[in-house]
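One chain follows as structure tokens, the form predicted on its own.
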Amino acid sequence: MTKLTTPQPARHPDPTVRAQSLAYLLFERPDLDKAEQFLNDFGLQTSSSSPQALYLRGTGPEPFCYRVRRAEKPRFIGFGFTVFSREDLIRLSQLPGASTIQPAAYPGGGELVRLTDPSGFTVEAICGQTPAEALPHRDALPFNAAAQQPRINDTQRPPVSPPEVLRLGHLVLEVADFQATCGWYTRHFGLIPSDVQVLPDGSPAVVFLRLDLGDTPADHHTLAMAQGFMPLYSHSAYEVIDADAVGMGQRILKERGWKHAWGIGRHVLGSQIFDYWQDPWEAKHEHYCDGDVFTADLPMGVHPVSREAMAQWGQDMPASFTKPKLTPAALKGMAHNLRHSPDLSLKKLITLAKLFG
């Protein structure tokens, strides 16, 4: 029987706050025009831009879900959670290292508190944003099944254009200090583990964390975390209306010369139909539809990790999808974290390399 042998992941009985949603991602890029070209082809829409920053959104009421700031080097900075109230911001502002409550200089305004997680990612808690007007998008296409055929005397012709991104769905990070980082999110933002994949020694390789919205169903995961040798952005995922939108995204991005990463397939944990693409700086972005949603009642599942456990069907996950780039900076980070992280050992790195390298 597969067992978890570490304290995390686990629910916290009395978290500081409970996050309401994943609000946005924060990136730095040296070329805003190139970033905008990829993201528009991917299906995000530009909501505002200046010589120094670019904001993009989906069709939902969120004022933005993606910020790109001009900088000399490409970098993922962090992300924002929406919280329910100003009282939540007050509680978070009292944590060690947290900022005071500040006006949010973003589309939609509001107020935020800025924190840093144990792996060094910036995490902003924001509330009081003014919703944007939702943008129109096409309806899901009716699907003729063998026993039920709603489409009679009609054809199936999805538009040949970038798929309309509805919203930012989830973010996946790699971290060296897995226990401390996972515990920080469950303790301070109330995230609850949906599923964990464990190595043969029972330590976690990947955890999928969802929002605690009580009886309201939440995505199988809003934040996922993988055991890595240093803190890294793995990928972010964006919901589209249906499988035809996922497929049309592949056609458009391929025709426009962008680099494919993996797909199309259906995940095992979370069940999403997925397709992954890389931006000009090789950061992975996922189109998905048909994901699982759970209420707070469902307990955590524990599963052995393997490459085969990543998809029910579709193309095999390529080695390039998870193989790290061993730059001098990455090797230096690995050496540092092998000495200082309680969650890393040479044996574990070899095991992970055999699985995913």
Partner chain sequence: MALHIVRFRHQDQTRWGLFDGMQIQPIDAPCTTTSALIELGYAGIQSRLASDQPAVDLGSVVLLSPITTDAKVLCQGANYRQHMIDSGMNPDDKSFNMFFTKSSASITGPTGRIVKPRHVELLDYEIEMTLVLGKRTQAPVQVTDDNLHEYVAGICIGNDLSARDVQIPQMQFHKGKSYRTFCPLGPVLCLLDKSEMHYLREMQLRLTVNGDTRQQDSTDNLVFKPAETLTEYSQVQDFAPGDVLMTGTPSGCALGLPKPALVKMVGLLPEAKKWQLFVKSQKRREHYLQAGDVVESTITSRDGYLNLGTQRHTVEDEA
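Keep in mind that what you see is a predicted model, and the values were worked out from it rather than measured. Numbering follows the first chain given and starts at 1.
Just so you know, the form predicted in complex with the partner chain exists too; it's not on screen, but the next bit is about it.
- Just one listed stretch, out of 328-336, 45-53, 285-293, 304-312, contacts the partner chain in the model of the complex at the 4.5 Å heavy atom level, and that stretch is 45-53.
- The partner chain is not drawn, but in the model of the complex it has a heavy atom within 4.5 Å of residue 86.
- A residue is said to contact a partner when one of its heavy atoms sits within 4.5 Å of a partner heavy atom; residue 110 meets this definition for the partner chain in the model of the complex.
- For the chain shown alone, residue 273 is not a contact residue for the partner chain in the model of the complex, no non-hydrogen atom being within 4.5 angstroms.
- Not displayed here, the partner chain is kept clear of residue 180 by more than 4.5 Å at the level of heavy atoms in the model of the complex.
- Distance criterion of 4.5 Å from any heavy atom to the partner chain in the model of the complex singles out 106 from the list 121, 106, 233, 258.
- Residue 101 is the only one of 101, 252, 140, 268 with a heavy atom lying within 4.5 Å of the partner chain in the model of the complex.
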